[in-house]
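Alright, here's a single protein chain in two forms, structure 1 and structure 2, each given by itself as structure tokens.
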Structure 1
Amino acid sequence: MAGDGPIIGNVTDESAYVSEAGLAILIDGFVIEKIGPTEELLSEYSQVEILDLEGKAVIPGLVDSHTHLLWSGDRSREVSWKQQGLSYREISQRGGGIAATVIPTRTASDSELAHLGIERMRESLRNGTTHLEAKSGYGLDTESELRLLSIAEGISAIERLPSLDLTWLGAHAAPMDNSIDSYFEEILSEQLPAVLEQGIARSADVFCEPGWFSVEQSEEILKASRVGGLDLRIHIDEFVDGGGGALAADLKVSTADHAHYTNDDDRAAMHASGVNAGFLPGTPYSMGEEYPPFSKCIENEWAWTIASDFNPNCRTLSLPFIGSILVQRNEIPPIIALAACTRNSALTTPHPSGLVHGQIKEGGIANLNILDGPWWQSWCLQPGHSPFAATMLEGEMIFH
């Protein structure tokens, strides 16, 4: 693949990114050592173990750059409220939403939460994800947020599961027994210092949305997090244009996610500041709403990604399903949808090895997906089940 930045705009020449059949990939340990014509590599390297993929297509390991991995409970009853026309905010005010997941999460044991996390990572891997960004955010007090990060760190060390990049999202909502304003003070004076002391989270995130954390509160939390050494991410404009895009651009965060109702000036400012727009189309799918403006980003050559946003309100860990929403419902070419959850998303969430991921590239990590047929496009054309015959995870082949 040419270049190293995000793939933006229209891909007029797919051959810049897609190779013809007949190549071989030489893997040494967990690294892609060499890519070249099969005959050439076979004659150069005679003492290697050969895996014949029998003409099946290969794409990079998928990179899910936005998940809420650890929580317990079930909010399925909210579906009838949604169908009665209640908004996300009204559902929260009626006792549903984020705070409704906090109680079962706090009362679940460490091993129950770890078990849920491991099962979800397995499901994610079965759907081709080799790396996930995973947020805390259902503890909503210092002790519970630290506990979620610590459990996530524990399961990140388990082999044969996708790698994790951990984000602290203490500023996700007000807990049931506190107001946003007083919880905000607690976050700054107590929770953030404790998260920094714990040293597990690589990034901080805030749910910046009218009715949750204001632009000013989000700015203060994110600035203090950056002073403490954390990378920054943010949830913005999920339901309305709340001004979070301008803040994301000012702070030059890595990625501003949802970014559904962001105005064009803020989108352009985000792009000029190197800020990715992280679209999460599984959420409007789950809520029966419109999809974000992918095509506008393509026309304007703004950088954007897609991710699962796995959470109690959007219960999919399948990036192929999210890809299908783009390709089969929004007329986005499969190559652009694929870039949005491989090369582009990887740029917002580094692999723990420090190696390039989200691309099939010499010197990059050996994270690959083997399709169940000869056409790479089939990665996003089989919603409802995994299109992959196997996934190579850090050099190790896992057959599904």
Structure 2
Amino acid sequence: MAGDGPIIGNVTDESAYVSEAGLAILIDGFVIEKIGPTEELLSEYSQVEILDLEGKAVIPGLVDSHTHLLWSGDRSREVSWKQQGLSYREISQRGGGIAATVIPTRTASDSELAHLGIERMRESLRNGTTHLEAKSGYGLDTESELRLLSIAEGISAIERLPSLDLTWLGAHAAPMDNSIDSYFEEILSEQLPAVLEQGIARSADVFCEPGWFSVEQSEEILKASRVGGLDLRIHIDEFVDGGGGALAADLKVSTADHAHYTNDDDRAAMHASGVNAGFLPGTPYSMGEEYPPFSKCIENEWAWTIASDFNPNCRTLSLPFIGSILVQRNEIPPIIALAACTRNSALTTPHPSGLVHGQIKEGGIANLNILDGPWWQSWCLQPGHSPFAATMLEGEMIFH
């Protein structure tokens, strides 16, 4: 895909981003060295190993820019309670809600949590994800949050798995035995300094929503995080327009995610400030709600991405499925949906090598997906199973 910035607006000419058949990609180690006509590269580089894809289409490695990777427990029974009309508070009183995730996560061993994370990363890779952002957030005390980050760092070093970009989300919710106000003070005085000293997280995130962390509390946590050298992300406006969009624009965070009910003025201000709107369509799919305004972002040429939002209530790690929601249920063109989980999302979630990813580009990381057929559009048209015959991960071919 040509250029370096996000793809915004409507793509009326796919040829600017899609190459005709017949090209070859020369890879040296984990870097894409050259792209050109097959015959030309074969004549120039005769002593190379050749992999003939037999006409199969190739797209960039997918980038999942918002996941809650590490947690334990099972909240499947809550779906019946929701269908019975129980409120979130009533579900919590029955033993559900976030406590049903935090308690098992705190009591799980390091090896158990690491195993869960590795299996989830394998599932992501099977569905074409070559890099993903992973948040803490289900520990909700200093010791547990540091432990989740440490485990994530450990599994990020395992070969033949997607690379990770680690985010501290201690400000996810109040723990069961604490209030938001008290926990907010603990975050600033104890947890954030410990996270900074640990030095594992690249970014900080806050769940800014009425009933969770207020705009004022979110601002204070994020500003302190920035002073400590962390990049900034934020959850906003998932349930209502709570003013998170204006805060995101003011702080110029990298990405403001969910952004479901953000008003148009704040969306425009976010874009003007270089803030990405990170849509998470799997969440309204899981909750049976309407989808975010993808088309409005296209019409106004605002930057946006999609991600899985893998969590206890949205248990998918398949970006092709998320792409299917856009294309087959919201009439978003496949090229725009693809940009939203490759090139655009890579800009908010950098690769640890520092190289360009989410694009097939000379000098970029050799993260590629080989479709199981000749048409690249099939990447998002096979919900329920992976559309990929193989994935190249940092120059190594992994067949599915």
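Basically, rigid core = biggest C-alpha set you can superpose within 1.5 Å across the two forms. Numbers follow structure 1, counted from its first residue as 1. None of the values given here were measured: they were computed from a predicted structure.
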Practice problem: Looking at the two shown chains, say which is the form predicted in complex with ligand NIG. | Solution: 1
Exercise. State yes or no: after fitting on the rigid core, is the Cα displacement of residue 229 between structure 1 and structure 2 at least 2 Å?
Key: no
Quiz item: Is residue 85 one of the residues whose C-alpha moves 2 Å or more between structure 1 and structure 2 after the core fit?
Solution: yes
